[in-house]
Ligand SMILES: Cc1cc2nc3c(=O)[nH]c(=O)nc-3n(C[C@H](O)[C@H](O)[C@H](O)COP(=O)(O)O)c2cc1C
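The chain below stands alone and is given as structure tokens, in the form predicted on its own.
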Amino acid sequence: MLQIIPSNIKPSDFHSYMVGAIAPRPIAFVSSSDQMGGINLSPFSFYNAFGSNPPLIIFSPALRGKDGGVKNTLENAREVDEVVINVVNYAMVQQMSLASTEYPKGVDEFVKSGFTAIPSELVKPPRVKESPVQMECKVKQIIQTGVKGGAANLVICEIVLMHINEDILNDKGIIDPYKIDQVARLGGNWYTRASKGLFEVPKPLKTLGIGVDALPESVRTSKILTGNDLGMLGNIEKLPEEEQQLLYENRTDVKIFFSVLAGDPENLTNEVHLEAHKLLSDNNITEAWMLLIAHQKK
């Protein structure tokens, strides 16, 4: 049996073993604000509930492994002792992942990830409208456990108000696990959908995705493309190269696709979005983008 003494290997390597072994982990999708009113939105899987009277939950924005830097959420929680912890379900997982991108301070992850910020009632940070459960919290204590990269910062929160979308309740008024459709984190790129099993979402941590706000308006407001579709499209660092795009547009099947509904713009848009949705469901993000770009040129 493999035996590992944490101090004998790199912290990043031991981290991989930890998150692979201690799983699945629920996700705290935390919205916070600084003293100037700047908003941050970021997910954390070092998180759980620890008591119900008073109702306490703890999440940990660990110091950055590469440089020991402090994450914006932790800075905000120190400045304004209030947060909202939003529950993540499958319908929002791709946009949630996009929000985990380390954008510079001052960039609004609500805007970049395409989520809707709505006012809270008892705390300053806004809630995520798309989340099935939103918990307004007061930060009671922050426990710093170290100063090196990877060190935990335990943010102990008390729930002061919980918002529950009634659509996820059963006929007895209890949260239905199938209707809430939660997701949880495992190691690497792996997640689990509580009712369905494992799936992967590539980490967006090494690049800065262009964001949902950079998508064409017709794509952002599509009645066909889902939030997960928009999250995948917004997670690319740059659009396909012009040469690659031209090769795609000159393909015979692509020319036929656009010629069939050339005189019916509304139906053409619907068909393009349906096809893009299929491509994204197969994780073919580049071709979905090339299809949407070709459509924009029509």
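The structure presented is a predicted model; accordingly, all values stated were derived computationally and were not measured. Heads up: residue numbers just count along the shown sequence, starting at 1.
Quick note: we don't show the form predicted together with this ligand, though the next part is all about it.
Visitor: Just to confirm, with a 4.5 Å cut-off on non-hydrogen atoms, which of Q182, N86, S120, N72 contacts this ligand in the predicted complex?
Guide: Answer to the contact question: N72.
Visitor: Please identify the residue among G38, P43, P55, P240 with any heavy atom within 4.5 Å of this ligand in the predicted complex.
Guide: The residue from G38, P43, P55, P240 that makes the contact is P43.
Visitor: Looking at the partner-bound form in the predicted complex, is V272 within 4.5 Å of this ligand by any heavy atom?
Guide: No, V272 stays farther than 4.5 Å from this ligand in the predicted complex.
Visitor: Indicate whether this ligand has at least one heavy atom within 4.5 Å of a heavy atom of S131 in the predicted complex.
Guide: S131 lies outside the contact set for this ligand.
Visitor: When the contact criterion is heavy atoms within 4.5 Å, does R64 count as touching this ligand in the predicted complex?
Guide: It does: once this ligand is placed as it appears in the predicted complex, R64 has a heavy atom within 4.5 Å of it.
Visitor: Mark I27 yes when one of its heavy atoms lies within 4.5 Å of a heavy atom of this ligand in the predicted complex, and no otherwise.
Guide: Although this ligand is absent here, I27 would touch it in the predicted complex, with heavy atoms inside 4.5 Å.
Visitor: Counting only non-hydrogen atoms, which stretch in 158-166, 101-109, 223-231, 192-200 is within 4.5 Å of this ligand in the predicted complex?
Guide: Heavy atoms within 4.5 Å of this ligand in the predicted complex occur in 101-109.
Visitor: Using a 4.5 Å cut-off on heavy atoms, which residues of 3-18 contact this ligand in the predicted complex?
Guide: The stretch does not touch the partner at all.
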